[in-house]
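Let us start with two forms of the same protein chain, each given on its own as structure tokens and named structure 1 and structure 2.
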Structure 1
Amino acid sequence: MSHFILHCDLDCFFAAVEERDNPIYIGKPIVIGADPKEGKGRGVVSTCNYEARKFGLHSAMPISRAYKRCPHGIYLHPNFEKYHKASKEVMEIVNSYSDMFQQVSIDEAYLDISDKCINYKEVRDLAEKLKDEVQKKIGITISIGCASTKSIAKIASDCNKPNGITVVEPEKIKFFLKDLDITTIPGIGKKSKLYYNKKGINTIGDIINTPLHKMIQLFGKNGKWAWEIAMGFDDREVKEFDGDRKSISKERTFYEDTDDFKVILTKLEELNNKIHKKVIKNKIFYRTVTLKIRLEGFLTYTRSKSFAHHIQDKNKVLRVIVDLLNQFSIMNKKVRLVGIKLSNIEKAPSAMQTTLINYLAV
């Protein structure tokens, strides 16, 4: 059976929700993020609309730099409640097109529609219908990539943004990929790009023309992954929780760096609650808890603690997090990001046995 996979990604998501709710913003540069304080603000841009992108603005750019480039923009504080509601509504629609659904972030999801379509014409029609339904019911646009693998679908969804559908049939994968910059491969960022470029690899076509053993010799594991993606090899399935996953984590950047312990702890509690919703839904047990902290200036630290046995206990995790946070000397620096990771994970039922053994051993 052919595989038909969609990758759906909302267009400038937070900004799109703001435009939807305030039509007077349409056509003007909208920037969501920290308060720019006329160029003196700290923190970063969460996202911006296409008008703002024309001035070179993008996600994660310091808000002070954004303000210098675009002082006449409309700067808005993020309204997460609103974005989460919109995300949930969109994801419900996406999920209604297939049960094989995997949400991977607030604004992107994969959908396996292999049993719903028999050819790429039908795949395109389904994607069109889905896109129209989201636009009509939620009032924001979505871009969709359609292909036989997750990685090609993801790369494709970015090719016709905003509000576009890109279908890449299996026999056209190499043609589609060959001129794209290597950073379109998820996992090759700005830093790796420099390294790849030094070795003469600029486009995905250059990877296609390099034998696998050479890619491994030059770039190790990352090279092998990049080569497989370039060749269109990717057998990862669309599933809500990948059983092969080694960890589950969540992190957040503060809109303004903070040294307020209460604010930091509240954010960690929020992250812990979110992780545990997933943990419970997917019957995950874990042994190790890691706290991640990034200070202003981008120094990042992690501290971990492991339990003797697998557990699934939100309160225990929070206690560990508080302990780890207390051990942490932040040297009068402000905190930019916090994260929690649960690792050494196991899925029920074998994990259930472990806890049963623990229970009996008590």
Structure 2
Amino acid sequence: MSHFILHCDLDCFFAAVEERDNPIYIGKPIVIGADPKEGKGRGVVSTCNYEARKFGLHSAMPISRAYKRCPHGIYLHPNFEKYHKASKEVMEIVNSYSDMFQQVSIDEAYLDISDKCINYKEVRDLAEKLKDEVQKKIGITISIGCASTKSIAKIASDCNKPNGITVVEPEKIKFFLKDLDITTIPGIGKKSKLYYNKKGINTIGDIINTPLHKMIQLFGKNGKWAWEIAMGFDDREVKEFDGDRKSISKERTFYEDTDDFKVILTKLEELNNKIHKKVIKNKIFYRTVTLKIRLEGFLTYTRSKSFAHHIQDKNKVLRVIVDLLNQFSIMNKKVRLVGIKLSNIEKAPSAMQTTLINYLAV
């Protein structure tokens, strides 16, 4: 199965929120950080917008130097309460596009949409929809990278900022990367760059053209890691579950709409097995099972059933799914997508204690 991963990165996030809330700032250089005190301030730039970057400003620059380069800029103290609120609103939208969601900072997150799309056209369409929804509902822009690995998706999200989408298909990874500076690889900074440069490695293309054994010989484990990223060998998963999650789900889109009950049921069994690997690994117990069906014409329906107690039993879930599936047999329409969601989640050991208490009370 193809992997489709999105890296979603909000553009100049703090400054973008300030521009949204103060339209008079639009088009002017905005700097979020310490008080510059007319060039005598001692703090640093937290972030700045693209207008400020035209004057050479960037994150972590001493605020005194920023003021000297851009004395006419608008300098603002960070309002973290406001930024966290905007971040939460954005991440709720991003998370709504997939349960395989991993927020990695206040302004960026990964999504695995492998179960939502069957090709890169659908990936781009979904990314466009997500990007437009964030801009319309929250009033700020987001750039999205789409690729088969987390590392390439992250690199891609930075290529068409602001408010852009970059799709990198697996067969185009090497061409996409070859001319980029090695610091484009997340984790290679200015100090590492000097060391790589001394050994003749300046671009990612140089890494691609260096045999793995030579990279290991020159740079040890770091060289192996950089080579694997450059070659598209990054099998890190998008984190699916954390303690605050209320549900866990998986979906699959059929390559062709089908009304073959055996094909549909086989796909649901496959989803059920995969979802329960995660359930067992994360010690998750659940009470509610939901079947999602998308019919031809993109008509989408859900049917749910709840158990009396929290359980962890894939056979019971499959029996419920079959019962719920039978409710759609009278519709005489072909099926485009199926999905299973387990909700009302608890993690062990509290879930196990609850189940044991309920059992003893019977």
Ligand code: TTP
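Sequence positions of structure 1, starting at 1, serve as the residue numbers. Just so it is clear, the structure is predicted and the values come from calculations on it, not from any experiment. Rigid core (definition): largest C-alpha set, two forms, superposition within 1.5 Å.
Note on provenance: structure 1 matches the form predicted together with ligand TTP. A displacement of less than 2 angstroms separates the C-alpha positions of residue 10 between the two structures, with the rigid core held in common. Comparing the forms between the two structures on their rigid core, the Cα displacement of residue 277 reaches 2 Å or more. Relative to the superposed core, residue 64 shifts its CA atom by less than 2 Å between the two structures. Here the rigid core is superposed, and residue 297 then shows its C-alpha moved by 62.5 angstrom between the two structures.
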